[in-house]
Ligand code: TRP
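One chain comes next, on its own, written out as structure tokens in the form predicted alone.
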């Protein structure tokens, strides 16, 4: 049995890659993702990621919302690969966690230290410390540690790891390759471990949350499809239900490709020093024309611009103000240099506040109270 949605597609999503995605409508069609437009016609979701279609698609989020409204046991599960340092792409997931938490949802966050060690080939000590740092940054961004649970994969009990062994019985190498392409053993194990991350909350031992939603960048959809198919195959044996998911667009790095921890020179990190931040922003790829004269005459192309993405995803909360910035660009009333400087001021303020929170949380040793580091 092949995994649903993977036969005959011409696009393959790589959860370990760094390439940008340009055609999100194509992904909706080819991978069977449901457009967020249909959900927004039925539900009121008060966050700009939804209204601006930064979150563009989902799988069964409507079922999760219905269960949440009924008061059924629901949870939000996501995870972070602790290779490199948190950046503005990471902060998008922090923002989504914060949103669901404010609505009253239970939040659980995996630190994929086993995957970072095996797939990214990071040193064990670096992986442990960086995983800790990711949680510090999450709390500094606004995730409430008193209403969330964090864990390292390698600190989970045997029942969690038993799932990985059981899952391997009902999946074939051909199916894995249909989703991921050629796979080294480390990636096979990592994919099955992520399925355990997504599904373990449904077991009574871990809370019996039968309705789980996973907010991720769309590049992580292969892991969602694998987990959903495994849930189907273990429904009678373990009582699993298909997890829901929601997908946000990938914020681009300053060269136009995906912002990635493995490409730090093109990412804006949450602990970025002021001098380096200024240099990165002023050298960023934009949707500007070849000359100032041409820009004034033809206008810019904000849909190509990494700076306009910063405005859309993080810097401008007011939709009217965002539209004014877009109009300035497309009518040629502002040149890229001036636009970058304006964005830089807003970005410095955002990161200054975050870094102030970070220092306070670090000094108060908040994370030590909610996350146990692995002992080796």
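Residue numbers count along the first chain shown, from 1. Not measured: the values here are computed from a predicted model.
There is also a form predicted together with tryptophan; it is not shown, and the following applies to it.
The chain is drawn here without tryptophan; in the predicted bound form, the stretch among 237-245, 214-222, 167-175, 138-146 whose residues come within 4.5 Å of it by any heavy atom is 214-222. Contact annotation: residue 227 falls outside 4.5 Å of tryptophan in the predicted bound form, judged by heavy atom distances. Heavy atoms of residue 254 never reach within 4.5 Å of tryptophan in the predicted bound form, leaving it off the interface. Proximity of residue 197 to tryptophan in the predicted bound form: non-hydrogen atoms within 4.5 Å are present.
Using a 4.5 angstroms threshold between heavy atoms, residue 80 counts as touching tryptophan in the predicted bound form. Only one of 259, 179, 110, 128 lies close to tryptophan in the predicted bound form, with a heavy atom inside 4.5 Å, and it is 110.
Although tryptophan is not shown here, in the predicted bound form the stretch 136-172 places heavy atoms of just one residue, 153, within 4.5 Å of it.
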